[in-house]
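One chain comes next, on its own, written as structure tokens: the form predicted on its own.
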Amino acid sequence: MENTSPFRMAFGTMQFGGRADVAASAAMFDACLGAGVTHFDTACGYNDGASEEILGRLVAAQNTQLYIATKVGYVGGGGRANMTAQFDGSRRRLGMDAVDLLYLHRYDPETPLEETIETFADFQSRGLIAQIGLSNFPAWAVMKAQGVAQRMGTKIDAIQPMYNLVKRQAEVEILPMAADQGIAVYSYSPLGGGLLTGKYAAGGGGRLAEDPRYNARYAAPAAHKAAAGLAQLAHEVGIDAATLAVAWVMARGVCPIISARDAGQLAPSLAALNCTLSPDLMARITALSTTPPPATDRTEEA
């Protein structure tokens, strides 16, 4: 599938102000710029706003043309009042009058999409955002939002689903829909919460062990079996497992949002920018997990 995004890779600042202090955040920011990564993703709720504050200061201190995305509505939903209040706070913390891309952080079934999209359209008309994004939305809701947006003279520009070697549900409808609609896909968790780095199989710790949500998300034995297989393959070919995992997402036509807690941990993900997977290696990685059946589930005709 062809990448519908203008970027090959983005960096997610979820760790800024949390697991990554100011110094570690600055080091990762510089490493990204050095590798040519210019798309930075944050959210109003990351570490109580500290992520936006740190990113804003880092952006202000240099003059490279960057693409900044943030999110609202993870808490409080997609109503006008909530989106406006949270976005005002985001712009204040970032020190920016406007951002390139604003997402609704997750689908809100309680608020009419007309109100949400009308709020986005208003932000656009006032020059506060350039593009509209939807995060953690099912494909049917994205298409419903697209119809509403088109009636209002705008469109959905980007989506942010979870996607990695052991979480491939997006392949069923989300990725084909995005390709059809020309919607950019910026996917999070390309390393599966660290599972695909191989560190847990080696007895290491991290978010998967510390955060009950991530532990539950990747608890399936099949996910751990795939991660072990990737680690073995990485050893065989002499490429870091994290590099292979991120490169696999890129080769699937998706722009991964990478992240880390320090520059050392980030390096293998950035190395994916210079890692070209051969058809054989790509096939071997893909075979480590189950390809989901098509939406119509007529596998015999696929």
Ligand SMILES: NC(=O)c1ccc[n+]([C@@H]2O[C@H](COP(=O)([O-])OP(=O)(O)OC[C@H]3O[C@@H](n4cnc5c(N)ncnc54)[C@H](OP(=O)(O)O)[C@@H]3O)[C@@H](O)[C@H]2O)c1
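Everything quoted here is computed from the prediction, not taken from an experiment. Don't overthink the numbering: it's just position in the shown sequence, from 1.
Although it is not shown, the form predicted together with the named molecule is what the next lines describe.
Stretch 250-258 is the answer when you ask which of 30-38, 250-258, 270-278, 57-65 has residues with heavy atoms within 4.5 Å of the named molecule in the predicted complex. For the three marked residues, Tyr107, Thr116 and Gln146, no heavy atom of any sits within 4.5 Å of the named molecule in the predicted complex. Using a 4.5 Å cutoff between non-hydrogen atoms, Gln181 does not count as a contact of the named molecule in the predicted complex.
Interface membership of Ala227, defined by any non-hydrogen atom within 4.5 Å of the named molecule in the predicted complex, is ruled out. Among heavy atoms of Arg19, some come within 4.5 Å of the named molecule in the predicted complex.
With a 4.5 Å cutoff on heavy atoms, Phe123 does not count as touching the named molecule in the predicted complex; it lies far away. Applying a 4.5 Å heavy atom cutoff to the named molecule in the predicted complex picks out Gly12, Thr13, Met14, Gln15, Arg19 from 8-22, in order along the sequence.
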